[in-house]
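We've got the same protein chain twice here, in two forms, each standing alone as structure tokens: structure 1 and structure 2.
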Structure 1
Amino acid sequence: MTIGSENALWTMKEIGSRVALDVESDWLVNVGIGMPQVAVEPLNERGVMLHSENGIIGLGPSPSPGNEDPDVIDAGKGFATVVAGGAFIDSATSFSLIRGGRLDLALMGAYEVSVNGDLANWRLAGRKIAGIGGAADLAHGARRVWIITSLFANDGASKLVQQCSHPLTAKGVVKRIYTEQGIFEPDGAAFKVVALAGGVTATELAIRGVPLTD
């Protein structure tokens, strides 16, 4: 399907909607901290069950003001809600579910993704301290890993690369990347274009350093 207008990059909201449409309605999905959060609302609207690794199955939208409960938070420690049919589980059970193959999809942010699907999203090279949280478990354990990110870093470098320069979270796990410029899939040698936003061309992206298949 087409999304967005003919001559503009996709907005975050449009990316979230597109991701939600690509998710099967009976999947269990973990939505990571940061940019992937744009998918929460459209996934909730489609009735897709969301998993939060701190121990919620059936994560709902943010509570309205005055209805926050300090015991109902998401993995980013923001106030959350639970949908009908949801459940609370302990952390060991939550990660058994992840590693054991019950999580259909992890939506994650990225610093870099390589052509063979390596993911770097927890610590920038050169920084001493960072949190890994559940990222390595999710990236390894989820049946699919899709990334939601801007295609280019603040310095203009492509986040889709031949080889990651930042420390890896997991090797060979990323199946698809959603960005404001388009949707891409690593094929081992480069990235295949699945769709491009309005006005974006593969030639232009290649000039800006995105390793695309010919």
Structure 2
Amino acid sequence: MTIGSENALWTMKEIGSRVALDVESDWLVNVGIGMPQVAVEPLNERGVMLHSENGIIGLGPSPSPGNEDPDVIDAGKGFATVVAGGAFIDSATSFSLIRGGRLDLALMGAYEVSVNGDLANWRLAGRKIAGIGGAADLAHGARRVWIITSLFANDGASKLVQQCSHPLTAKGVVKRIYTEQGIFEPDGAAFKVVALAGGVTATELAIRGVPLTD
């Protein structure tokens, strides 16, 4: 299956489709807030069961305008839907699934990921935030952690780094990163290129500060 143009960066929709292709149909997958939401619809289309940490098993796509239910929201407080056969559970049960290793995959956003798979995604250095929420539970509890993010921050710095400069969410948990420029995996010394978007080269990314394997 070909996704995207041969000479263009991947769109968010294309990234979501690429993630869905790599997910096994019988996995239970947590979809985090923000950019990971692009994977909801393609995963729904494949019949993958989705989990939202606030208490939904069977998370569906965002409702169409005018069909929002104020009692059905996702972990990011956005309007959500529930697929046929889905269920609502209390917070204690939801987090027992997370902490008990029942999630096959957690899709999360990131500020930084290190070559060791360390994840920083809950607070930027020097900024205050109310709390880490369920990020640490998901990062440690899921069997796999994949990241969906832009490759570069607003200041142009690579989010894939030798060592994280922002407060860590968890150490050594990230297995794969999906971006508009390509797909990468940390190998302990650098990042292995799994795939690159059209027109993107490893040499170009290395020049821009992405630590890649030779």
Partner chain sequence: MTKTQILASAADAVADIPNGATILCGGFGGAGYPRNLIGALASRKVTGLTVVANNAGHEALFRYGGVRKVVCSYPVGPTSKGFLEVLERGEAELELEPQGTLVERIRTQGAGLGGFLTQVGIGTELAENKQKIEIDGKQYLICKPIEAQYALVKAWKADHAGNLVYRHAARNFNAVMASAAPIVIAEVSEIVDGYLDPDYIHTSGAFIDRLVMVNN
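Only the largest set of C-alpha atoms that superpose within 1.5 Å between the two forms is called the rigid core. Just so we're clear, the structure is a prediction, and the values are computed from it rather than from any experiment. Start at 1 and count along the sequence of structure 1; that gives the residue numbers used here.
Where's the form predicted together with its partner chain, in 1 or in 2?
Answer is structure 1, the other one does not fit.
Relative to the superposed rigid core, does the CA atom of Gln162 travel 2 Å or more between the two structures?
No, Gln162 moves less than 2 Å.
State the core-superposed CA shift for Ser64 between the two structures, in Å to one decimal.
Rounded to one decimal, the shift is 2.9 Å.
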